[in-house]
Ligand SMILES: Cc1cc2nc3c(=O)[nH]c(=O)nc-3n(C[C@H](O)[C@H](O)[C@H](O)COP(=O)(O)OP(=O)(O)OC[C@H]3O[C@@H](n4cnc5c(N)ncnc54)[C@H](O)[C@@H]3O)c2cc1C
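Below, in structure tokens: the form predicted alone, a single chain.
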């Protein structure tokens, strides 16, 4: 029997979750479907920059203005997801004075606070900056946790009555004549998937209106109903260092190019990025030279990077949209603005709109615009409140500023827990049960892990994105099994083993391009621990899945 909803949102990234929240807050019956975990696409594969708009102040001032407006809103409504690092656009000797002046004027034209610092003043802010940095422009960039923010939107959507289905892949759009009236989804059969249907089954979900918020995959979804959505996926690599070499976002003050930003994020620094068009957002090469370029080029800005350990690399795909008639531009020249495509007005096919382009920082504005559009279609008069209503965890900023010894935890753990949980900290951490640290690298306690299991079931990757457990220096080598232990006795042994295998495989795939020096030693240590203590390398009789360590040959 088909499930029916007023509005069906396709895509569980930042924009999709933001749309679901906005619709649900306006009293609209909404269902969201996502083929993997929340943040499975571009949202979970970005460098964590909360844009001030400075990056676009010369080339794309409309996007720059949107960024600074949303930057200020997110600092208020998502304070437990944002670190107010500030940002510097730094100038090296070969970078032009003319471009720095254009950047400064562009920031001021777009309402972005900007101050020029001398090289000496910039190094007072960030002591590890290269000695030949001559000037810098200081802007209100920040760092944001995309996982935490996306999950908070989904939780608030559910709190207002939305249905959120993860691991539900759209395999067809339901179209009758010139009307789209829903989708057919296939539910994933993996362990602990958060779904209201039996894994491995298909389901028809009908709706009065469908919103295509699948980002880089929007063209593939449109093609299911013979609609042309001209998304041009563009891949970029990010490389994660083992420590924070800087506490401020560092941008190169030159026209957009490869390897020009360092974002401090939680306990790490993320280097980025490249911009290369790809045909398929699911199938593209991940090449070692891209990682090497990140380290070599950004070491020119922060030389100490050369001495650090690279713990993993990952690639994301931007959902760039090229409006018809604009020609075949280089991806770096395509606007980062977003576009609402009403397929009834544009293609004569009713029942669906697509939201394409944009950036993580502008997800809420994108959600507001398309929610206004959908409400007009449905005759709903409620207005948007997402710019004023804080997300779960950000209701009371004072919780983030409380003393370090709360809840009987060691001070650094208390700080990390408070930062992640925000105003939910007391509800989660006040417990009469033992509350040991499960993940030492990120300071994640049993109470946090159990809270995440309550939200996501036995899917340990969903637990990971809610807590950061396994995302630190050991990349799960010392804590994956601890996380899996927390599933017992709620889940049977087979489910726990499958969940552990899936988590460790996901951690391993990002390490394959970092197998040299100290990181190779760390990876070998993880291998030895898992092979010797759980017989995970080559004994099918143990019931464990063999982890693919074949890359060690190339890394060594």
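Since this is a predicted model, take the numbers as computed values, not measurements. Residue numbers count along the first chain shown, from 1.
In what follows, reference is made to the form predicted in complex with the named molecule, a form of this protein that is not presented.
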property	result
Proximity of residue 529 to the named molecule in the model of the complex, heavy atoms at 4.5 Å	yes
Distance check, residue 214 to the named molecule in the model of the complex, heavy atom within 4.5 Å	yes
4.5 Å heavy atom contact, residue 371 to the named molecule in the model of the complex	no
The named molecule contact at residue 236 in the model of the complex, heavy atom, 4.5 Å	yes
Interface stretch in the model of the complex with the named molecule - options 293 to 301, 352 to 360, 116 to 124, 129 to 137, non-hydrogen atom within 4.5 Å	352 to 360
All of 33, 168 and 525 within 4.5 Å of the named molecule in the model of the complex, heavy atom check	yes
Listed residue that, although the named molecule is not shown, lies within 4.5 Å of it in the model of the complex (heavy atoms), from 245, 417, 273, 79	273
The unique member of 29, 40, 501, 69 whose heavy atoms fall within 4.5 Å of the named molecule in the model of the complex	40
Sequence-ordered list of residues in 5 to 33 near the named molecule in the model of the complex, where near means a heavy atom within 4.5 Å	11, 12, 13, 14, 15, 16, 33
